[in-house]
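Here you get one chain, nothing else, as structure tokens; it is the form predicted on its own.
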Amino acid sequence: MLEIDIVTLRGEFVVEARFTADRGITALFGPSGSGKTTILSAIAGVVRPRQGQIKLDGRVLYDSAANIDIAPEHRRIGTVFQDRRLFPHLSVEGNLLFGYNQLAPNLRTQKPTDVIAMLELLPFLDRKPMSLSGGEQQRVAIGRALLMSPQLLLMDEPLASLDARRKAEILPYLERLRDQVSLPILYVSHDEREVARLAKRTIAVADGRVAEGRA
């Protein structure tokens, strides 16, 4: 479980976030510029909050009072961005296994064969990312994040760059991810239909403030 209670400054913009997120998809829903990505960045360790605490499965990732700030690479958090950020010189298989091969065997909680099957990536393993559609690339990005064996998955507007057809193609895979992977997933979006279809819980974000949403 993710537990967050922080205040973060981005210039003069104040973002306050206090909520928990359990297994399944919890959506942070709100307009652009409301503070959603800032919250994700603070959880990932890319942005340092001004004060507060972040805990993941009981492990303190950030605590201003105790001067604890775990480095991003040690937080056991996977991130999926809307622009995918795949390595163009590597094959799909190389992208999927890039982080997995750097993990100690005792830290590996996801099997490549299972992730490849769930996301139906077997036909693409020898191909380069640029030969794939946007939706196929996003499936590779999700698979790569999962094979880092994270304790939390952050998804920042993962469908925002896709057209309606590609969104329709990838949504079933996100539902499969939600239903088959036992992880808390924090999903940022401003698309109400997308959130309604995927999230078991929605937290509204507006003007740098969050409100407990509907289950």
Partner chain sequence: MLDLSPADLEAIALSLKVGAWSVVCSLPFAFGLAYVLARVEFAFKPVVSAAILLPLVLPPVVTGFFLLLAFGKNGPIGEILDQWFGITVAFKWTGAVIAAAIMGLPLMVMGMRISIESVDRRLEMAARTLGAGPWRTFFTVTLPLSLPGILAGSILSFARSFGEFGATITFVSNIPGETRTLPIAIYALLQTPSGDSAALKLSLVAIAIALIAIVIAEVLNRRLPKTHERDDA
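Numbering follows the first chain given and starts at 1. Everything quoted here is computed from the prediction, not taken from an experiment.
Although not depicted, the form predicted together with its partner chain is the subject of the following passage.
Notebook entry, point to check: Among 64-72, 28-36, 186-194, 51-59, which stretch has residues whose heavy atoms lie within 4.5 Å of its partner chain in the predicted complex?
Noted result: It is 64-72 that comes within 4.5 Å of the partner.
Note to self: My question is simply whether residue 107 lines the interface with its partner chain in the predicted complex - judged by any non-hydrogen atom within 4.5 Å.
What the structure shows: Close contact is absent here: in the predicted complex, residue 107 is far from its partner chain, nothing within 4.5 Å, heavy atoms only.
Checklist line | Distance check, residue 148 to its partner chain in the predicted complex, heavy atom within 4.5 Å | finding: Yes, residue 148 is a contact residue.
Checklist line | Heavy atom of residue 86 within 4.5 Å of its partner chain in the predicted complex | finding: Residue 86: yes, in contact with its partner chain in the predicted complex.
Notebook entry, point to check: So in the predicted complex, does residue 168 come within 4.5 Å of its partner chain, heavy atom to heavy atom?
Noted result: No - in the predicted complex, heavy atoms of residue 168 and its partner chain never come within 4.5 Å of each other.
Notebook entry, point to check: Though the partner is not shown here, which residues of 120-136 have a heavy atom within 4.5 Å of its partner chain in the predicted complex?
Noted result: 130, 131, 132, 133, 134, 135, in sequence order.
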